[in-house]
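Next up: a single chain in structure tokens, the form predicted on its own.
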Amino acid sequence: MSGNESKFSSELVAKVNELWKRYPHKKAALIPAMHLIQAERDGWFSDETVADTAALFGLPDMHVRGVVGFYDMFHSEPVGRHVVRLCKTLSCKLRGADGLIQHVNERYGVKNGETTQDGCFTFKHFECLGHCANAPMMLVDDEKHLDLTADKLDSVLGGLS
């Protein structure tokens, strides 16, 4: 390890060490480790978290920043307590996703990439979540919600705290 271990919890460091054992090179474990790091660091990668992650892996900051910028499951700005991803690709669009997006915009006062005023959730449009047969669908954190209607969506979002 790099000496920057103390910047992360001992539990996270232990999990990263386990990841490193599964890959031929430490760098190959970066993405799974970044999921763990993001969860520990309030759901996003601040400049400090990018630097700490880069130091842990012995990589340049720009490498970690590039991964954060490329993958939309990583966040470079603070997010709400939950992240709501609503699929907007063709199958979902044909089955009402545009109406659901408009519903979220109007009812909850958030557009793509925005967080509700109470910090409950950040709303994101997403490219294909892989459940075209059950479109439209959304992912709330890691939980799938299929065959959405406005009522189902409200039931799910209304239950978040």
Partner chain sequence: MIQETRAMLEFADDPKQIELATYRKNGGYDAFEKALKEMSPDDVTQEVLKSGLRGRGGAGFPTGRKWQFVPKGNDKPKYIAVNADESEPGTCKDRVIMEQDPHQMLEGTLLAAYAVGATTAYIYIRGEFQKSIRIVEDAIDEARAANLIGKNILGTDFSCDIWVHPGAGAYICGEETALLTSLEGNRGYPRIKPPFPAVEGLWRCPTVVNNVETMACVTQILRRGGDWFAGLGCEGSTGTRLFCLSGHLKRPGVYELECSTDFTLRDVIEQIGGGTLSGAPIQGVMPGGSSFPVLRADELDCGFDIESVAKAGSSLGSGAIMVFDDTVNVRDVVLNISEFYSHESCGQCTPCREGSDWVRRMLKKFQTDGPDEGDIATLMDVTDKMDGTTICALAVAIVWPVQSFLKKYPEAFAEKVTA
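Not measured: the values here are computed from a predicted model. Positions refer to the first chain, counted from 1.
Only in words, not in the display: the form predicted together with the partner chain, which the text now covers.
Partner proximity in the predicted bound form, defined as non-hydrogen atoms within 4.5 angstroms of the partner chain, places exactly one of 42 to 50, 27 to 35, 102 to 110, 115 to 123 at the interface: 27 to 35. Candidate site formed by K15, L56 and H145: none of these residues places a non-hydrogen atom within 4.5 angstroms of the partner chain in the predicted bound form. The closest non-hydrogen atom of V140 lies beyond 4.5 Å of the partner chain in the predicted bound form. When the partner chain is considered in the predicted bound form, K88 lines it closely, a heavy atom lying within 4.5 Å. The closest heavy atom approach of G130 to the partner chain in the predicted bound form falls within 4.5 Å.
Contacts to the partner chain in the predicted bound form (heavy atom within 4.5 Å) from stretch 62 to 76: H63, G66, V67, F70, Y71, D72, M73, F74.
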